[in-house]
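Before any questions on how it binds or moves, here is one chain, the form predicted on its own, in structure tokens.
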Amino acid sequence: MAPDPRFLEAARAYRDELVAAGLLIPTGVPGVMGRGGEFEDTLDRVDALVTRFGASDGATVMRFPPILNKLTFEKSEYLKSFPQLAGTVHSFNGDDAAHRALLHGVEAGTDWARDLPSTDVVLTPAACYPVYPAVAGVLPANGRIVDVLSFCFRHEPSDDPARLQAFRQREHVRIASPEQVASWRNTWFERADQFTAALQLDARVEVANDPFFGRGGKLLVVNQRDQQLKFEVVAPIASSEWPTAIISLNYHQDHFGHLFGITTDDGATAHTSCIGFGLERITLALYRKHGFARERWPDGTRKVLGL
């Protein structure tokens, strides 16, 4: 569904304010923004707060580059549901003649990239994707909890500063029995509420759905919402009337356990759930709520961020 024109107007206005303040840096491509030093400092402090809220889980820390094994990507079935968001990586591997043809294409202004074949990697669409093959096999009795952070890519060019094509996603992933996953997810519902309250954001939880593609996607949307598999914590960024998701709480059932051969210690297919923090979006929500002068932010917010 196309965004309301009034929302896009508000989003462009907020983007321009962020650029004028030196918090974001335009690159000439919609949805691809540089970040100023203060923005990065605030984001790092938000990330550190996520660490503190999840510390008691004793999660295994994993960090991956923003590219993903192409075979893992194919196995994940991402292309079944979100082909419109995928990003592939292509590279030159030709000879001198091919190089000359490539340069001629650049000079002629043609689509020179069409002659570059795809590589063995794609751009990471969600931080949790490389986790599942990494934990494949039989889980310990208590399952696994993984803390993962990555730049992610989704092909959604937009003037909305909160809808970036490249963004950082911090996730905590629970891989265990259905009962263990449900208990953990409920704990994170409480933590998410405490997290946004600590930052003094006007946030609320909503039932949500992913942007499934095509006619078949409409059935998946209904199923996801009916079973309440996805919730989002939303807060004003571009607009108070149309708040933006800043945290998501997702239950995948046994989807990834089945695809990647992850089983519990009793031999059952593992279930998975993740909570994802959109670090740029939370940072943008902070500037929207409290203003561009961090020294004037509420004392409670400044304290939890160490300002």
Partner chain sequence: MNDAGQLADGIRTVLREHARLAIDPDGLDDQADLYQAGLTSHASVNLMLALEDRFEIEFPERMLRRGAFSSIAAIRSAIEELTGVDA
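It should be emphasised that the depicted structure is a prediction, and the values quoted were computed from it without experimental measurement. Residue numbers count along the first chain shown, from 1.
Omitted here: the form predicted together with its partner chain. The next part is about that form.
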item: Its partner chain contact in the predicted bound form: residue 89, any heavy atom under 4.5 Å; value: no
item: Contact flag, residue 222 vs its partner chain in the predicted bound form, heavy atom cut 4.5 Å; value: yes
item: Any non-hydrogen atom of residue 81 within 4.5 angstroms of its partner chain in the predicted bound form; value: yes
item: Contact test in the predicted bound form: residue 218 vs its partner chain, heavy atoms, 4.5 Å; value: yes
item: One residue of 253, 60, 69, 263 in contact with its partner chain, assessed in the predicted bound form (non-hydrogen atom, 4.5 angstroms); value: 253
item: Contacting member of 118, 187, 142, 227, with respect to its partner chain in the predicted bound form [4.5 Å, heavy atom]; value: 227
item: Interface segment, criterion being heavy atoms within 4.5 Å of its partner chain in the predicted bound form, picked from 189-197, 130-138, 227-235, 147-155; value: 227-235
